[in-house]
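Take a look at this single chain in structure tokens; it is the form predicted on its own.
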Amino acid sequence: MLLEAHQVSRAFGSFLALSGAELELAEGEIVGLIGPNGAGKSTFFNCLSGDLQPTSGRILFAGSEVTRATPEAHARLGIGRTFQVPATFEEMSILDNVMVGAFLRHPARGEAREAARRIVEFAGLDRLRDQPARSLGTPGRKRLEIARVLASEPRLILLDEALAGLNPVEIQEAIALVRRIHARGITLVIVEHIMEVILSLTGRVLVFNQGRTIASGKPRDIVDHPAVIEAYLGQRRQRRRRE
């Protein structure tokens, strides 16, 4: 297994945000993680990326224990992540933003710049590469953050609502980008509320509610799972099934 999370819990004072979360992820998979707001999805991502340390449980990546490792150690091992709200260096050019990620593997400036150029082109940002990051709208910012993560040459990318806030055309373009990323041999875990994205991209889905996994399986099976309908998809989906 590329990534293993066993009985991962995280408490904030008396509030248990994550309760015994489990994930076994094989290299090359695309796994979706869904659930209502506050279900613990981002907390789980934060534990997997090293931004939070679990209160209990174990996390292993490529056979190495990373439960209490720093975010930098996670990145060096090959775990990259995006955030719900993209963080960019506003006054720096798009190319220079991507170079920040490239420096992880290419400490020489010239090599980092060349690696960043290749990623900028791959991500469809080449014509904008000399523009400041502040000039981008939501779709461009999300694409830039993905590009910066790609430049760090990860084996695994955790995408945290990377397609939220996009219109239908932009969603299809983003889905195509994610497929191209996967074709490079990169494993993906996707947190997303847009079911079209989950159904289009993932081979397996985990459903979180109140900090724990309530269901897992193939995407088409998950949308008909009674516990998922009750916790996440709502009565509208239940009514559609009866029609």
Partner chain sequence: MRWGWLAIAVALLLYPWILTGPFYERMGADLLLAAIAAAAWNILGGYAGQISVGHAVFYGIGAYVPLLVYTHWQLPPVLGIPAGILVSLAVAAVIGVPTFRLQGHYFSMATIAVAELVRIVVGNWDFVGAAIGLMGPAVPRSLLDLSFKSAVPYYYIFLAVLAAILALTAHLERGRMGYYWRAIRAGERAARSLGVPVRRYKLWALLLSAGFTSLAGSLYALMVGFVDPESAFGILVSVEMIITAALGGVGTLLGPLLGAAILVPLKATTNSLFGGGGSGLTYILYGGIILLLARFEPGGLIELSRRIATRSLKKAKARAA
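Numbering follows the first chain given and starts at 1. Source: prediction; values computed, not measured.
Although not depicted, the form predicted in complex with the partner chain is the subject of the following passage.
- Of the residues 99, 136, 157, 125, just one reaches the partner chain in the model of the complex with a heavy atom at 4.5 Å or closer; this is 99.
- Of the candidate stretches 170-178, 27-35, 183-191, 45-53, only 45-53 has residues with heavy atoms within 4.5 Å of the partner chain in the model of the complex.
- Put simply, residue 113 is close to the partner chain in the model of the complex: some heavy atom of it is within 4.5 Å.
- A residue is said to contact a partner when one of its heavy atoms sits within 4.5 Å of a partner heavy atom; residue 71 meets this definition for the partner chain in the model of the complex.
- When the partner chain is considered in the model of the complex, residue 166 lies well away from it, no heavy atom lying within 4.5 Å.
- The closest non-hydrogen atom of residue 119 lies beyond 4.5 Å of the partner chain in the model of the complex.
- Along 16-40, a non-hydrogen atom within 4.5 Å of the partner chain in the model of the complex is carried by no residue at all.
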